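This document starts with one chain, in the form predicted alone, laid out as structure tokens.
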Amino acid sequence: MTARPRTALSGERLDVFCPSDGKAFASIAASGAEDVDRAAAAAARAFEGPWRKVSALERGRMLTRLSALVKKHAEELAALESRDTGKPARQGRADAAVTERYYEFYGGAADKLMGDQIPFLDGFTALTLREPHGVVAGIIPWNYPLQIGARVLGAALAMGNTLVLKPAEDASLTTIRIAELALEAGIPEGVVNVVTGLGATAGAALSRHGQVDYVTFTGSPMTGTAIQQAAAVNNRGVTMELGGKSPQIVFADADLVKALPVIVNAIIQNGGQTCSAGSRVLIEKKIYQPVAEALAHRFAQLTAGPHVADLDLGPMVNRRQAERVAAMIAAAKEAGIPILAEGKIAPDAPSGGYYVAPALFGSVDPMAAIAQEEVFGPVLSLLPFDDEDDAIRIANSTEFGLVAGVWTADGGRQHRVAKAVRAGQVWVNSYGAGGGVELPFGGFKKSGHGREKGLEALYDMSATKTIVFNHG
């Protein structure tokens, strides 16, 4: 379907459930392959039509107008995002604010990415241009649909692509609303298209579609592999952001007053359902006990509840995710890993909601499942280390490499550890501040490849064309 809402050709729809109470409150079109055909064809027509002649300056102005509309409708978007995903109300508002910033950033960046003149043979002039791929497929996860949709849409349109967005079936509503606002901002119909429905049908059809020229995906490594295989049938490029098991490394000289609240927030934000969640805390042995006790005290006070209550964290996005996280907590306990503290679920939380109490595990073996696998829930593992080399070894011991945090006052150590850790982003005496709109984001190893955010995303959303003039 294009940005003007349409029903699926089959007429089928999917219920939308609020994670806070488990009740259906809306429905979305259950798109199939034919609907993907329609959306991809609309995007292809738009790309080959007048959109190709729209200047970078004007594309930027459209995105800037979209930013202003997001600001105007911020409360509406925040409330919808919060209800659809279950995240606390204040996090919904923060997501809306960062979304506004994405469109502002890419609106300003649209006419700033330039080609080069390359020194070449005498009598020749060689130039490079950055050109759009064409139709970009953006497959958006359920944890941050507003933000992740914005970083895909903003970068894709800034470079002159057209777009088909496939939001997750668990959280599609704000993506649909943004597509409507894009029309209001003056972005031509057919440039931004949305197909909703199941990943196994609509998502799979979009990944392998012959009219799609580039695919970007955020989600699990398993699904990412399937999408890359589907895109490879047409030899299409991909950007993959596939999760993490991000370490925060705390040395004995760290400022714990600053570090501890950031460490806790980095795992409970969005209920731990964040690719960049700081899910492992590596603590120098000489301070392990006091840090563990301080974190246990904080964890014991955490409360999960409905999104409208605006507590420390909300529910998991669906029942399947809640059961998965609960099963990983139970398995860690059965394996004999010490649990240092557990938060609680608010006594008035609706019984049908998908709640999991935060859990803190201590003295975790670096090779334990809870320290190796992405839980994607409010579960934090504490791992003691001996020295700098040991910390780096443990930090790099997983299959992932997305984000890391380093807490130390030693300037030399800051540089050594930041360079040695295999992660796409490393934060020193901070972690994930301000949404990171300007900062390239992506991973090493199983965390994926390619980069989103910042100016770097514009390179992924375009291709280099070389032009050589022979003028004698």
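Don't overthink the numbering: it's just position in the shown sequence, from 1. Everything numeric in this text was worked out from a predicted model, so none of it was measured.
Note that the form predicted together with ligand ADP isn't included here; everything after this is about it.
Just one listed stretch, out of 302 to 310, 163 to 171, 145 to 153, 288 to 296, contacts ligand ADP in the model of the complex at the 4.5 Å heavy atom level, and that stretch is 163 to 171. With a 4.5 Å cutoff on heavy atoms, Y106 does not count as touching ligand ADP in the model of the complex; it lies far away.
Looking at S207, you'd find a heavy atom of it within 4.5 angstroms of ligand ADP in the model of the complex. Heavy atoms of T85 never reach within 4.5 Å of ligand ADP in the model of the complex, leaving it off the interface.
Put simply, Y102 is far from ligand ADP in the model of the complex: not one heavy atom of it is within 4.5 Å. Only one of G190, P384, G353, G219 lies close to ligand ADP in the model of the complex, with a heavy atom inside 4.5 Å, and it is G219. Site annotation in the model of the complex: the residue of A326, A226, I337, I394 reaching within 4.5 Å of ligand ADP with a heavy atom is A226.
Using a 4.5 angstroms heavy atom cutoff to ligand ADP in the model of the complex, none of A266, V375 and K446 count as contacting. Contacts with ligand ADP in the model of the complex, taken as any heavy atom within 4.5 Å, map within 126 to 155 to I139, I140, P141, W142.
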